[in-house]
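Just the one chain here, laid out as structure tokens, in the form predicted on its own.
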Amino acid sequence: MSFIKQYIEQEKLNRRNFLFASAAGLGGLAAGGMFGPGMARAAIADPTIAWSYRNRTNPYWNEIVSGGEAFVEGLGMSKDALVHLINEGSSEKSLADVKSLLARTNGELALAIDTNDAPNCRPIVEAVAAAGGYVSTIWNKTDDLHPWDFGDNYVSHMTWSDEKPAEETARILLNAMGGKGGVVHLGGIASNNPAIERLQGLKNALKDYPDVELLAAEPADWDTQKANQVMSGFLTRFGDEITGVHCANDTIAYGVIEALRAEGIEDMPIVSYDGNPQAVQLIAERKILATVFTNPHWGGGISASLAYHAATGAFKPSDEPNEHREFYGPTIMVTPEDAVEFKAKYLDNVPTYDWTDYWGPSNGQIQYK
């Protein structure tokens, strides 16, 4: 599992490079507000297409961006036509980069973005709408923010219904623990919607396992290195009381595995989330019990497609029903029994998608509690 050590070292390098860039003042300029919410400009003939995301060394985000590139290539362009806005987990940089690009493109922008945390979604959407651009978001937004409140400019929001799948992986974990012992949870960024839902999924499952104690739940910020540190701390605090680990995503699981190996622990039950290629291989080897695939390639391509086709006037978002403006993406559970078959179908040979079938694999309108 040398790839885990390489992954941690790469994350360290990316973080240093990001800090150097920030210190050098590579920020954004505020875009002028020429258009108000709901006041879309005429169709844009040739909008700049951009994806704003954490970083590409994360396998999940690499798949997201690969989907965006596949969409761009489907338009007959080079994949290099896709503009990359890499925020390295900084909401401030995310917003500054978007404003800078809006200024440079005079608002002629089709943007797909994960805003990094839920509160950051509103200022990003407001900036794009004010400049007359078009934006599709994924994963993170507040419950009171809706695309239909911004006419056509806020095209769509896609997330995944994580609570139930996370509960299902938790049940696999708790059964592997024999229904007793102590479990720890390593989560994402605390304010991220998926981090909240995945922890809640574990808590839901624990209600049926009275002999399992949740020893601790701490954020690991979706980060392998941070997860390694958090898990090392858990081992120091709880030692042999830990009999299972619930990870909010695959990259967290890599850090957990490395921390366990450092203590000579090779057989700890672990579950994760995202369905990254490395995690699927570890599942096939029974090093991880289960993960959940959210088809990031399709999610990345279709989010860019929705923003682009709305910008060019191919469809009018405000004419669409609400379930086409806020919707769930697809999820597939991956276990050791089906990991090889799943890998062959979705990872070794990525399906070819029709990027104008905007809602084909989606799972219905987002529901709020």
Partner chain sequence: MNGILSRETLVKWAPLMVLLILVLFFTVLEPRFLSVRNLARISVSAAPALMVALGVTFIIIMGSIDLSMEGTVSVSAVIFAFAFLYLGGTLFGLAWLALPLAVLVGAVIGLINGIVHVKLRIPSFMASLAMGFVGTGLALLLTGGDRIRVEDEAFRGLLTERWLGFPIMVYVAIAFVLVGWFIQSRTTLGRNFYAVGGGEELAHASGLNVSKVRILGFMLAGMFYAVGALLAVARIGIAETATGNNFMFMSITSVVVGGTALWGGIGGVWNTLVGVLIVNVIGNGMVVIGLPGYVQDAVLGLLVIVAVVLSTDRKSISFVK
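Residue numbers count along the first chain shown, from 1. Keep in mind the model is a prediction, meaning the values are calculated, not measured.
The following text describes the form predicted in complex with the partner chain, which does not appear among the structures shown.
J.: Going by a heavy atom distance of 4.5 Å, is residue 97 a contact of the partner chain in the model of the complex?
T.: Residue 97 lies outside the contact set for the partner chain.
J.: Using a 4.5 angstroms cut-off on non-hydrogen atoms, would residue 237 count as touching the partner chain in the model of the complex?
T.: Yes.
J.: Does the 4.5 Å heavy atom contact test between residue 158 and the partner chain in the model of the complex come out positive?
T.: Judged by the heavy-atom cut-off of 4.5 Å, residue 158 is well away from the partner chain in the model of the complex.
J.: Residue 218 versus the partner chain, in the model of the complex: is there a non-hydrogen atom within 4.5 Å?
T.: Residue-level check for residue 218: yes, a contact with the partner chain.
J.: Taking 232, 251 and 261 as a possible spot, do all three reach the partner chain in the model of the complex with a heavy atom inside 4.5 Å?
T.: Result yes, every residue of the spot touches the partner chain.
J.: If contact means any heavy atom within 4.5 Å, which of 324-332, 55-63, 303-311, 338-346 contacts the partner chain in the model of the complex?
T.: Stretch 55-63 is the one.
J.: Of the options 278, 200, 175, 191, which one has a non-hydrogen atom that comes within 4.5 Å of the partner chain in the model of the complex?
T.: It is 278 that has a heavy atom within 4.5 Å of the partner.
J.: Just to be sure I understand the contacts: of 152, 167, 223, 117, which is the one whose heavy atoms reach within 4.5 angstroms of the partner chain in the model of the complex?
T.: Comparing distances to the partner chain in the model of the complex, the residue within 4.5 Å is 223.
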